[in-house]
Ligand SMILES: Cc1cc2nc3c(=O)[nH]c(=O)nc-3n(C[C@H](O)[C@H](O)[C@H](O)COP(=O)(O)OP(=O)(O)OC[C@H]3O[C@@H](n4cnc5c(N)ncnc54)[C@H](O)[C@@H]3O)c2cc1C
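What follows is a single chain, given as structure tokens, in the form predicted on its own.
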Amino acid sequence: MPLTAIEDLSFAYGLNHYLLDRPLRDVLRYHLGREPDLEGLGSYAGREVYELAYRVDRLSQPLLVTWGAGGERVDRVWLDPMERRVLEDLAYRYGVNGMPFRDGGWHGFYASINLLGDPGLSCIVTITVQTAYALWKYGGEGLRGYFEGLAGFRKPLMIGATWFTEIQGGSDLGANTTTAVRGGDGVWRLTGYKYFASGAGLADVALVSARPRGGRPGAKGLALFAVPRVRRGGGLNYYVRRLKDKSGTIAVPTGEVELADSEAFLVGDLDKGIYYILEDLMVSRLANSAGAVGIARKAYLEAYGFARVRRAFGRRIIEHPLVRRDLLEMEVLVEESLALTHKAVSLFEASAGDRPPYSRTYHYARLLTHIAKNMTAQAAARVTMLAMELFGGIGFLREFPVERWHREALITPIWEGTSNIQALDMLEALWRKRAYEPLLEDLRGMEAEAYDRGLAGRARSYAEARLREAASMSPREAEFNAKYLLEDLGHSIAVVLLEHMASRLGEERYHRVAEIVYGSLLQRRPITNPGDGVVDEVITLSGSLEA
């Protein structure tokens, strides 16, 4: 296939995915007071990364190589050379891996995950940065070399991984059976089986949950360890039994890993492993949120481009009211998701110095992360479905990129804890950690500075009413209705955020988006046509799309 073939199949290929995305640039300006220098990455994401994602999905899946030519066990994954080059470019040319530990900060990192879009490639970057974060914060000098290689501060580039899931437990980490025994040399030995191990066969070092022998049962008995790929004296430190055959996320190999007396180094304190694990999961849950927004944006670009050229019933389909309504819904979902994601990122960044026991800011960040993770996943599934539908029959064909974006979106409600897990964890953060208190304080503060204080006040009042209602329920009733509460809180928070953005940035556009979120998504009323001028302003993003 010629390298330029994707140009004939895609409306998003070749665009600068940062410059044309006015809402992304505005939300970064809202939080940072400036726009990060992501123009180069935006161009790279719209060309090399876009083509790579399509190529790997269709033609070049990772392969597990079990044996070397000399008869030795290697358990290494072969990647398309272009994928390896892109991973190195992201780390060294664009500095994505090191952003959270340098001036780029977490907003820059998550905006980069958004721009990449492809969840398989983004997963490799995310698990690498997750590993770097844990080693940076809790690893100590003995693991410093791994941190520098993972963060792209030295060559060669290292890949990280997070292996917590086991077949018998899934999201129930307390069911982990992997055991850890401390050796006389101070190095631990781990034995167990990790069932969904993303990065298997790629990772130079992995974060692994295990229960020290004789430790307490349940999640609070877990410790966190760093497990290198190779033993100190040489030879494999664990085995990759197989790679999963997945519907999407093809760029990241996901396998089953057998730990057999594997050498491991304790990360942090022995009795605080579950706290480190949950904190590290915030990094990936925020990446899941940013990635879901990125997937939705790619699908939107495909659909918008198609709608401008496709003709039906004597006119371009973008001129039909129903199509315009679909595009408007898609864009509003993307912008609501952006607002929620980067608000959670801002709170996480503010609490990144916290250690167990954590501050109220950290628990508020946790609350917003659970909400953002769920809301963005739902939005990605909805937006990509509508994009496929706008393409008609060809939207269901694998040769067109829009089909893949819907497949990729379906992992986002599952990865990093399913939607049910996020809803349950939200309840825990709300009531046991009293995260509702900083939430309501924050909403009232933003309401006072909102573009439309009346609308912001109604959204804040709605959130307070839903919280009072939930507080009056029995534990069983609260759990049964947790996802409804999460969605209502998500929409309410988004309205206040968008009104605050409109005020701070002097952009009425976000007031218009907030009105639609409040009326259509929160109150579940039909969208009243706000006029062609407003629809055009929202759905075109920036002048770049009209070029």
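Quantities reported herein were computed from a predicted structural model and do not represent experimental measurements. All residue numbers are counted from 1 along the displayed sequence.
Keep in mind that the form predicted together with this ligand is not shown, yet the notes after this line are about it.
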Check each of Q378, T178, S284, T254 and return the one that places a heavy atom within 4.5 angstroms of this ligand in the predicted complex. T254
This ligand isn't shown here, but in the predicted complex which of I421, L236, A352, L243 has a heavy atom within 4.5 Å of it? I421
Any non-hydrogen atom of V96 within 4.5 angstroms of this ligand in the predicted complex: no
With a 4.5 Å heavy atom cut-off, would you call F196 a contact of this ligand in the predicted complex? yes
Even though the partner isn't displayed, in the predicted complex is I411 close enough to this ligand, meaning a heavy atom within 4.5 Å? yes
Against this ligand in the predicted complex, would W415 count as a contact residue? Criterion: heavy atoms within 4.5 Å. yes
145-153, 326-334, 168-176, 470-478: which one contacts this ligand in the predicted complex at 4.5 Å, heavy atom to heavy atom? 168-176
Let me know which residues along 140-166 have a heavy atom within 4.5 Å of this ligand in the predicted complex, or say none if there are none. T162, W163, F164, T165
